[in-house]
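To begin, one chain is listed below as structure tokens, in the form predicted alone.
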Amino acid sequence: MIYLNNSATTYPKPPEVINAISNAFLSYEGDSSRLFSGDSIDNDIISLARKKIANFFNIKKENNLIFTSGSTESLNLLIRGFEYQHRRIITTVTEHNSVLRPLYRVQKGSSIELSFIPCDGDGYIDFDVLSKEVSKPFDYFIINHASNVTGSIQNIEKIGEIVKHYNGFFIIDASQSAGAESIDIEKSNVDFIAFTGHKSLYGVSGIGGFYVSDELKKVLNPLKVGGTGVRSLEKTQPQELPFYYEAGTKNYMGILSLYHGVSFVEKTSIEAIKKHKNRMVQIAFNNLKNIKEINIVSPNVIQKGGSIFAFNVNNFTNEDIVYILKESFDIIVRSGYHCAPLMFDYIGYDKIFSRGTIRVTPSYFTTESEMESFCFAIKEIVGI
């Protein structure tokens, strides 16, 4: 099998991730609460992972790094954790449904105002509109750092400067960018960042988390409350971080995978991973760009170093292409709107991409021969 759907979930995982989980289950017979790496509970895998990931994002206070099941839970906690009467939220048309649907939900029956920043055909936001919108009173601004449709990367340091100038909270959805792009919380003036573990951090599914600033924590309620292992006699959730947002049994195996996944990214380097993925995308682009039956999404982004090759084929449905690739060539790709429906109005929805796109996303483990096989398959399908 040739797997080219890494924007959804990376596959395969690094050997150190697989080995760590296997060894943990074998050594402790599945009792993940005993996953210690030293004599002190302060050195257990949760503490080690929290420190490592905080350092990875340049978070000064490691307890402000909270573990969740992933970006969707993190973003729901953010969006549903406020008192919403008379609030104004600014976001963008590039957002994933993990932002859009919670926003639409809280908008029902409340007086919140939603404003959307448009993007150009490549998926980059309009800074003139952003400056105009944030000059009016608002509570927070949410943006998708890296698009899973075009591969565009937003300039979060520049955006953070603008947002902070007007005293709003700055929120980043880093589902696609964590591990794929360098992120510095301090330089970007970030108040909240949601990340997921099973994509470019090379962890397993069902793990992720968020960072929350001290200022935002003052007005952000937990999504769930319950056991924390401390202050069991109290009727209310402990206010200290990370306990305030981490009720219930943690995903120890997921956190273990995240620790080793981040270690892999650090050892390999984000720059090396980006360079390899773009080289794989360039193989597809150079092989298929001159075929008249193929419409490529945002070639400018690809040539700038993007890691997504998205397209469709004249006279074929996207679903047919995906099916043929799987059944005839054993190649896995993704088709559809990629849970970012608003964006298609800005990248040629009415003209070319009204059917969504076929998305090809290699990983650091994808080989040149695999990309050549994909190109060969597409040429076979269109009759070349």
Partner chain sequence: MISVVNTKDILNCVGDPFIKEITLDSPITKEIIFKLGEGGELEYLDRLKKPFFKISYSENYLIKGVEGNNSLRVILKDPELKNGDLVIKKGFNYLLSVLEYI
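This is a predicted model, so every value here is computed, not measured. Residue numbers count along the first chain shown, from 1.
Another form exists, predicted in complex with the partner chain; not displayed. Remarks below refer to it.
Contact check for Arg355: a heavy atom falls within 4.5 Å of the partner chain in the predicted complex.
Not displayed here, the partner chain is approached by Gly336 to within 4.5 Å at the level of heavy atoms in the predicted complex. Taking the partner from elsewhere, Asp345 is found to have every heavy atom lying beyond 4.5 Å of the partner chain in the predicted complex.
In the predicted complex, Phe56 stays away from the partner chain, with no heavy atom inside 4.5 Å. Residues of 179 to 212 are not found to place any heavy atom within 4.5 Å of the partner chain in the predicted complex.
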